[in-house]
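Starting off, we have a lone chain in the form predicted alone, written out as structure tokens.
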Amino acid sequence: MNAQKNSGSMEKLRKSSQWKDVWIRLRRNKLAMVGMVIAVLLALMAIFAPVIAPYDYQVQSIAERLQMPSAQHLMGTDNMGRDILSRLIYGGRISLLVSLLAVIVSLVIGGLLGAVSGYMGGKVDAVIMRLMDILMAIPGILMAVCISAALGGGVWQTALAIAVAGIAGVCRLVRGQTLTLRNQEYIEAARASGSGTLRILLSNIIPNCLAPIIVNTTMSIGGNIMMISALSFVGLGVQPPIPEWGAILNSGREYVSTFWPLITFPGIAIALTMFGFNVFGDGLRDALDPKLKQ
């Protein structure tokens, strides 16, 4: 009994030391830290949007339409007289929510399929991989457009469309990791002790795939936000009056040459978000890569 407790304590200490080492190496990457700050600020902005936003994003005032940035409206007003800053803050909340929903769905479905495919092998692996090949043969944005057009625009419909487009990538990632793990000694020990396939997948395989999954998830959030904006820009994503960065850009198309704030500020928000999550994901990948340890 004491030996088991000591073994459990040593395992917890080892894992704690590993994550501490990851944090130290991540902290040395200044660009990754900048990306992390951007990601954290976006998350805080989404959570505290009602407190941060200076105005109600739905309130219209035709008398104040298309006002340039000023002390009263820091980013100006749109063609309906609504405060652009308030709409961008709430738009970030919608973009992050849809992106996270899409990531969760693609992780659950793609992760389970990839783990089953890599662990079972044989015909099961062949069938699942051929299905993933079909999904990967269709460009992600094209698949999302088709699904959104079929289901109609909306938060949940957009999240589902983007999630389906991301399943194949997650599946292949987890399958590759599973292939390297399934013949490890601790997996053989789990089989010998009578553990079933589902328990081995959930307790031994998937937890040891967390490092690449975390990196992929971080980078996918930024890519998903770009795809959400693209769908909303063409009218197939989140529908008005819900504010979303792509929809705000779409509403400013006819004012490109006459009123720059309506195009510039949403564009900067999208670019900064993409930059933040991408460099943060790159930094996480380097920090979690054991080959880079000194």
Partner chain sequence: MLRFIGRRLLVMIPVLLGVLIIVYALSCFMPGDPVINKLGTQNYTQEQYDAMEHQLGLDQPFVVRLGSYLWGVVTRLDLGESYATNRPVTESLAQRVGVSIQLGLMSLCLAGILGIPIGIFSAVRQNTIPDYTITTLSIILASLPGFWLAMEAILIFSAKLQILPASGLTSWKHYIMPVVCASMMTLASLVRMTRSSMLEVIRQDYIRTARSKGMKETRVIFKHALKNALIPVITVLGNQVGMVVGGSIIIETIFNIPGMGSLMLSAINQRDYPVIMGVTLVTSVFVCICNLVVDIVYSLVDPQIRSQFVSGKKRGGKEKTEKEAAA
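Just so it is clear, the model here is predicted, and its values are computed rather than measured. Numbering follows the first chain given and starts at 1.
What comes next is about the form predicted together with the partner chain, which is not displayed.
Comparing 87-95, 103-111, 134-142, 71-79 against the partner chain in the predicted complex, the single stretch with non-hydrogen atoms within 4.5 angstroms of it is 134-142. Interface membership of residue 264, defined by any non-hydrogen atom within 4.5 Å of the partner chain in the predicted complex, is confirmed. Although the partner is absent from this view, residue 233 contacts the partner chain in the predicted complex, with a non-hydrogen atom inside 4.5 angstroms.
In the predicted complex, at least one heavy atom of residue 146 sits within 4.5 Å of a heavy atom of the partner chain. Residue contact with the partner chain in the predicted complex: residue 249 places a heavy atom within 4.5 Å of it. Within 4.5 Å of the partner chain in the predicted complex, a heavy atom is found for none of 49, 53 and 242. Proximity to the partner chain in the predicted complex, defined as a heavy atom within 4.5 Å, singles out one entry of 226, 39, 33, 66, which is 226. Scanning 258-272 for heavy atoms within 4.5 Å of the partner chain in the predicted complex gives 260, 263, 264, 267, 268, 270, 271 in sequence order.
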